[in-house]
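As a starting point, one isolated chain is supplied in structure tokens, in the form predicted on its own.
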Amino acid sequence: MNENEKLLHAQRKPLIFDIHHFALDDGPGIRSTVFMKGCPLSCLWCHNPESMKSGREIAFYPKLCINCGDCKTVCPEGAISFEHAGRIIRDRCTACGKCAEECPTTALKIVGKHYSVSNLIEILLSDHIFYETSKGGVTFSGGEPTLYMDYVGKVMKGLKANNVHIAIETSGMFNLDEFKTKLLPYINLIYYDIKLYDPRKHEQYTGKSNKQILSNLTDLVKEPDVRIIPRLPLVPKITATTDNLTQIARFLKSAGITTCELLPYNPGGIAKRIAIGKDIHPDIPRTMMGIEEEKKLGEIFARLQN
């Protein structure tokens, strides 16, 4: 199976790496957040690096390992080595999952599972009472859920039939016409990522130009009955600069957007990168931003938008 075939297969059967029940940070009320694998961007600071690849992966957590050797015994590819710091020889691993299934301590874990549309709807509706009482709902996140519009649209339709509030967290890199047809009719709230305004820097740190992202946002804000909240991650020395904040604030103001959430950088993605065998770029901050610096940037941004 070549890379294009793998991508088409993933689009037909998208994988989910987590369903976070009772979430309080992904929209109003109590929510269930569905985290999908696969993303068109490759942001160096990504808090969920296990979401970048659309296919299944194996994560290794050394603190849980008891060195029993069961994983090495069952691996058909000889991809387990106790001399290897990450335990898994990644260029041999096919992510078949046999090592994780055999592991008695979950030191090895399969990242990515497919749910049928009906199964996922059933799981999400099991929390319906919490959505009702808290005015919450379901949020689709990732990764990038718009990679799988047919699948996500069917799930959203089933939820909307049960009066569930639906939110989506997106990078903004999607086909706008398809989004309007397949997803927008079911969505109540869009969290829209804006990371870097300068197209060259955006490509440098995320792997792609931001032209489509900015264009889609400019168009979507004209749509009625949908609330859009831009989100800007404050990554020290990358996105959290006066120059970048100034450019984004001016862009949002020109688009008629008066609300934007500034998200504090969390270095938790570093440990996740190590677990799935990804390298850590030297530009990535290892610590969180100081409270005073974060407050100062927030004040600058607010002043520019007023």
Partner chain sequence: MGAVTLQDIRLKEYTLDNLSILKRLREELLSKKPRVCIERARYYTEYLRDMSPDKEPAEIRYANAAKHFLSNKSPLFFDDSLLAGTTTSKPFGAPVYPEWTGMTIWPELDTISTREKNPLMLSKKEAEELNFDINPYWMERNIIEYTRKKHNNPECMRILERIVFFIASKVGCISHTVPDYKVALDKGVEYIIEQAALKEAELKKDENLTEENRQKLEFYRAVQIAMQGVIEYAQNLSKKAAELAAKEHDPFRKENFQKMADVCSRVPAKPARTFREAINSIWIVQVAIHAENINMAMSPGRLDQILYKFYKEDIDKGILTVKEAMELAGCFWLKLNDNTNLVPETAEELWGGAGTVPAVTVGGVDEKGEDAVNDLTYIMLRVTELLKTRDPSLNSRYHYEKNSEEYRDRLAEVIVNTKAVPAIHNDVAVIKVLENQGTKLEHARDYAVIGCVELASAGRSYDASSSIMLNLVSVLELALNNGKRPVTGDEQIGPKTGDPSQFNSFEKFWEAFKNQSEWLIGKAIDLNEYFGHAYQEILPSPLLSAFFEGPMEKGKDLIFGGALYNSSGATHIAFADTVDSLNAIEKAVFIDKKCTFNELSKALKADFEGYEKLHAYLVNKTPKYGTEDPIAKKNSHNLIRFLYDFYQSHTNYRGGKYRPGYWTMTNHAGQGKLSGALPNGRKAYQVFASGITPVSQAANDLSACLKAVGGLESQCIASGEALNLKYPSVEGEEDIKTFGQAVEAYLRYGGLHIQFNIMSYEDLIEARNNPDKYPELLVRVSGYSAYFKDLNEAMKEEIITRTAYNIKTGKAVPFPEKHKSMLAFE
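Computed from a predicted structure; not experimentally measured. Positions refer to the first chain, counted from 1.
Omitted from view is the form predicted in complex with its partner chain, to which the following refers.
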Tell me, out of 85, 129, 226, 161, which residue has a non-hydrogen atom within 4.5 angstroms of its partner chain in the model of the complex. 129
What is the one choice in 102, 198, 178, 77 with a heavy atom within 4.5 Å of its partner chain in the model of the complex? 102
Would you confirm whether the three residues 270, 278 and 304 all fall within 4.5 Å of its partner chain in the model of the complex, going by non-hydrogen atoms? no
Non-hydrogen atom contact residue 188 with its partner chain in the model of the complex at 4.5 angstroms: no
Given that its partner chain is not shown alongside this chain, does residue 116 nevertheless sit within 4.5 Å of it in the model of the complex, heavy atom to heavy atom? no
Can you check whether residue 133 is within 4.5 Å of its partner chain in the model of the complex, heavy atom basis? yes
With heavy atoms only and a cut-off of 4.5 Å, decide whether residue 30 touches its partner chain in the model of the complex. yes
Could you tell me which of 68 to 76, 202 to 210, 216 to 224, 137 to 145 sits within 4.5 Å of its partner chain in the model of the complex, going by non-hydrogen atoms? 68 to 76
